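Before any questions on how it binds or moves, here is one chain, the form predicted alone, in structure tokens.
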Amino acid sequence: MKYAFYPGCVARGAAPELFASTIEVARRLGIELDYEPMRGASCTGAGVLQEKNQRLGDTLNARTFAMAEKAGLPLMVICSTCQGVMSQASKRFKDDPAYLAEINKDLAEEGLQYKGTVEPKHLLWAIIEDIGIDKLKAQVVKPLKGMKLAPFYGCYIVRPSAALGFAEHPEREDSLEQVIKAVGAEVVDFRGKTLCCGFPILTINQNNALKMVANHTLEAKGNGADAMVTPCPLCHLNLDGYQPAAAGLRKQPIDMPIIHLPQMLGMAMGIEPKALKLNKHLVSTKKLLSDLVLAP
């Protein structure tokens, strides 16, 4: 299946391992990622811009939607924040055609028009709704048997559910657990899986952000997880990058690997760890990979 591919800012900047592992996994799942329609697309605004100027943020996202719509392709993202911000903009366009008409006046300067037909879709949802769990299972050559993985959704891919289409797609509520099971791993449930990781307050209240990192990672560890899996690169940045500081704050070791969704899929598909860039994390994934190699 072919998508207009919108990787977002973080996957091409602070978390390049997400981009690299997505490319590897998409190839095996028969997903064609077309970059060309998104050439020149802008940031979604990440919710930050929308707090100051929602109209500007919505205009940027309408512009991106118009580019995908013009190419006649569904739009795929790999960032939960992009998904959430885009979905909220999309709902405003559907709810208020007059608002969209005003935004289209700005888009006309570039010869663009958004007709309201694009539904941005995260790779996680695309696997379940478009590709199919059975096709994913068919690509698993190294089941993650014995590996205990805690899902971490974060905020933007679960709230607000009305904008994210949960009523029309109830399978989205436990989508991450479904793919963890499909690759042969054991799901470790914990209370924090749908809570904020702390990233949005990192620059204004780092102490509380670090407490949130410690709470989530230690709870998952206490429940027996070998690693946490997330579809959100911003959650990854916070839970992985600030975990050493969170451990220092809590005065106890944590050592909880945080892996991106496509990295988990790639491991089960037998893709080399270097190709998935599992060596680029701050919290080492060596033990996780060793256990996988030693698994019968």
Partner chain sequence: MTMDVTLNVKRYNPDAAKPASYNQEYRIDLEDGSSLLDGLIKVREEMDGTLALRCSCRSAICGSCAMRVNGRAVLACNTKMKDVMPKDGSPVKVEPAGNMGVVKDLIVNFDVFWGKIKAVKPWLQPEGPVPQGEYLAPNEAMLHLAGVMGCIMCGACVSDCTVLEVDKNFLGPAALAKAYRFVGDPRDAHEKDRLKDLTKYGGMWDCTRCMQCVQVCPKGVDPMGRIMKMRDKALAAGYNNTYGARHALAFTDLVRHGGHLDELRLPIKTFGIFNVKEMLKLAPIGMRSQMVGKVPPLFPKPIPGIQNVRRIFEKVEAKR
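Here the structure is a predicted model, which is why all the values come from computation and not from measurement. Numbering follows the first chain given and starts at 1.
What comes next is about the form predicted in complex with the partner chain, which is not displayed.
Chemist: Quick check for you: of 155-163, 130-138, 113-121, 71-79, which stretch puts a non-hydrogen atom within 4.5 Å of the partner chain in the predicted complex?
Modeler: This holds for exactly one stretch, 155-163.
Chemist: In the predicted complex, do R191, D240 and P244 all reach within 4.5 Å of the partner chain through at least one heavy atom apiece?
Modeler: Affirmative, all three are within 4.5 Å.
Chemist: Although the partner chain is absent from this view, report whether D106 comes within 4.5 Å of it in the predicted complex, heavy atoms only.
Modeler: It does: once the partner chain is placed as it appears in the predicted complex, D106 has a heavy atom within 4.5 Å of it.
Chemist: Does the partner chain get within 4.5 angstroms of any non-hydrogen atom of L56 in the predicted complex?
Modeler: Residue-level check for L56: yes, a contact with the partner chain.
Chemist: Does any heavy atom of L282 come within 4.5 Å of a heavy atom of the partner chain in the predicted complex?
Modeler: Yes, L282 sits close enough to the partner chain in the predicted complex that at least one of its heavy atoms falls within 4.5 Å.
Chemist: I'd like to know if A101 sits close to the partner chain in the predicted complex, meaning any non-hydrogen atom pair within 4.5 angstroms.
Modeler: Outside the cut-off, so no.
Chemist: Under a 4.5 angstroms heavy atom criterion, identify the one residue in A41, M269, A66, A26 near the partner chain in the predicted complex.
Modeler: Partner contact (heavy atom, 4.5 Å) among the options: A41.
Chemist: Can you name the residues of 206-231 that have a non-hydrogen atom within 4.5 angstroms of the partner chain in the predicted complex?
Modeler: The stretch 206-231, when checked against the partner chain in the predicted complex, contributes Q206, N208, K211, M212, N215 at the 4.5 Å heavy-atom cut-off.
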